[in-house]
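Quick heads-up: it's one chain on its own, the form predicted alone, in structure tokens.
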Amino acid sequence: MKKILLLSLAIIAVVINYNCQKSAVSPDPSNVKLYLPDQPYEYSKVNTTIGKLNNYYEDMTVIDNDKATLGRVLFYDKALSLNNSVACASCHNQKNAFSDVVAFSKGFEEKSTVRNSMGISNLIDEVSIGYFWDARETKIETMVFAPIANHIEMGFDRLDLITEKISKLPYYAELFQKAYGTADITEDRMRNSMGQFLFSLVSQNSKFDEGLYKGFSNFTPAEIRGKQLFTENNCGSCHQISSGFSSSYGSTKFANIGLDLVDNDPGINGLYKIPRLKNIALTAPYMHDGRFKTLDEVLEHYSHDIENNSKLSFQLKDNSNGGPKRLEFTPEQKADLIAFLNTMTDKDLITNPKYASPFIK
């Protein structure tokens, strides 16, 4: 009797689990218009202010043009969501330095994500840190499938359904053949090609990058003053200005900046990964919860609104009284700092066709 009862419960559990799983909606390939150049774009090289340089993957091999091309298509393909409603690019828009314009992005069923969408570029500088706000993924090929399998973002609860669905789309066979030598569509190949494309997103063409080689003689007086304020207030002890070529800087990787008296979202024991500042003017809203709409609001937080708590990073503590250190920037100083931060905008990253959607609307 006991064995029969256990068997019955097991059957019921399987039936419930099966019925609860959502089914992938097959896309209509006849509605897809894909444009790719006859010769792939050059992802193995990156444009910089001093010419073209090799572009490296996470394992320090040079990025493969055909693999990155395949990764680009996957990145922009809404078929990677359960119901064909969102792509990776839906939350990482090129014109916003591959971030989103809202505090919380909308997933495949219009539900909101729990953290703000980070900008994507210069991921070679993240290798020693990890990915996402809490750096919970340490390998890019693990990270790229996390949003696809997320119950809010893209919705697949079974990873094998992803390759099954992609295999039905006629434009992928040739892309996999070019990238890997056979038309076999596998999860590992999808992970690798998407990682290759993401690592190709290197930003090295900003006014700041040019200034590094010109002693900043190309800066305006306001930009120079902002740079001096940035240095004098030791902002660089936390915020790295990403190079896109090396992760060796020695600045802080995680911090608590006193947003709240009590941490509503714990991050890593109250700490969050510190975003780099390249293209920062394009990635609003700011912070892990997107609470600040402008850079002026961010600087106002550092000026007057830092809250003391047990996790507050030492760089933001006043050693004389143990309370928070408030930087009290004047309106003029905030304007100069914003002018400096704007020098880190890279127009090539946000307009280059090799990073844009290959799908024709």
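One rule holds for the numbers: they count along the sequence shown, beginning at 1. Quick caveat, the model's predicted, so the values are computed rather than measured.
Keep in mind that the form predicted in complex with ligand HEC is not shown, yet the notes after this line are about it.
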- request: Could you check which residue among Tyr272, Phe208, Phe176, Phe156 gets a heavy atom within 4.5 Å of ligand HEC in the predicted complex?
  value: Tyr272
message: Give me the residue from Ile185, Ala79, Ala97, Leu123 that has a heavy atom within 4.5 Å of ligand HEC in the predicted complex.
response: Leu123
query: Has each of Tyr43, Lys67 and Arg191 got a heavy atom lying within 4.5 angstroms of ligand HEC in the predicted complex?
result: no
field: Asn234, heavy atom within 4.5 angstroms of ligand HEC in the predicted complex
entry: yes
- request: Verify the contact flag for Phe132: yes if a non-hydrogen atom of it lies within 4.5 Å of a non-hydrogen atom of ligand HEC in the predicted complex, no if not.
  value: yes
Exercise: Asn308 in contact with ligand HEC in the predicted complex, heavy atom 4.5 Å: no
field: Heavy atom of Val298 within 4.5 Å of ligand HEC in the predicted complex
entry: yes
- line: Answer among 213 to 221, 164 to 172, 177 to 185, 277 to 285 for heavy atoms within 4.5 Å of ligand HEC in the predicted complex: the stretch 277 to 285
- prompt: Looking at ligand HEC in the predicted complex, which residues in 196 to 216 have at least one heavy atom within 4.5 Å of it?
  reply: Leu198
